[in-house]
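Presented below, as structure tokens, is a lone chain in the form predicted on its own.
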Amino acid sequence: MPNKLSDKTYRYLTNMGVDIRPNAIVKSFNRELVEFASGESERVSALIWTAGVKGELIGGFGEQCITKQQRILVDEYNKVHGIENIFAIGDIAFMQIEKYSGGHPMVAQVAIQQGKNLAANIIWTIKKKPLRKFKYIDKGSMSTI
């Protein structure tokens, strides 16, 4: 979300008494005590922990297929870089095109649309027809508190 919305959300939640700890690393939690990697700990009545999104890599891909963000590099057909018959979609896939130089957003709509495009391309492959490049259609984003 844009910084303006993040800032507004931060103010809204802190005004409600929520203790927000951005970039704090949780080491452990046992239903009432949170221990942070910094060595600090705190008793809590509730914990909401967000840790970001990261796909789980599997072995067998060469380093040339993996980005610095630990995503699999794919072409515009979602084929894994340098491999003809393996595809990756969703959060694990990194497709670098002009409009999305840092890869597509890691949201469900990208994965859904990639899945539909890939299913069609598998059918086209069987029929020996040209594949369709993936084109993301941004339907917008919504966030609620």
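One-based numbering along the sequence shown. Note that the structure is a prediction, hence the values are computed from the model and not measured.
Same protein, other form: the form predicted together with a small molecule, not shown, and the subject of what follows.
Asks: Could you tell me which stretch in 85 to 93, 61 to 69, 41 to 49, 23 to 31 has residues with non-hydrogen atoms within 4.5 Å of the small molecule in the model of the complex?
Replies: Partner-contacting stretch among the options: 85 to 93.
Asks: Is A108 close enough to the small molecule in the model of the complex to count, meaning some heavy atom within 4.5 Å?
Replies: Yes.
Asks: Determine whether any heavy atom of E98 comes within 4.5 Å of a heavy atom of the small molecule in the model of the complex, and answer yes or no.
Replies: E98 lies outside the contact set for the small molecule.
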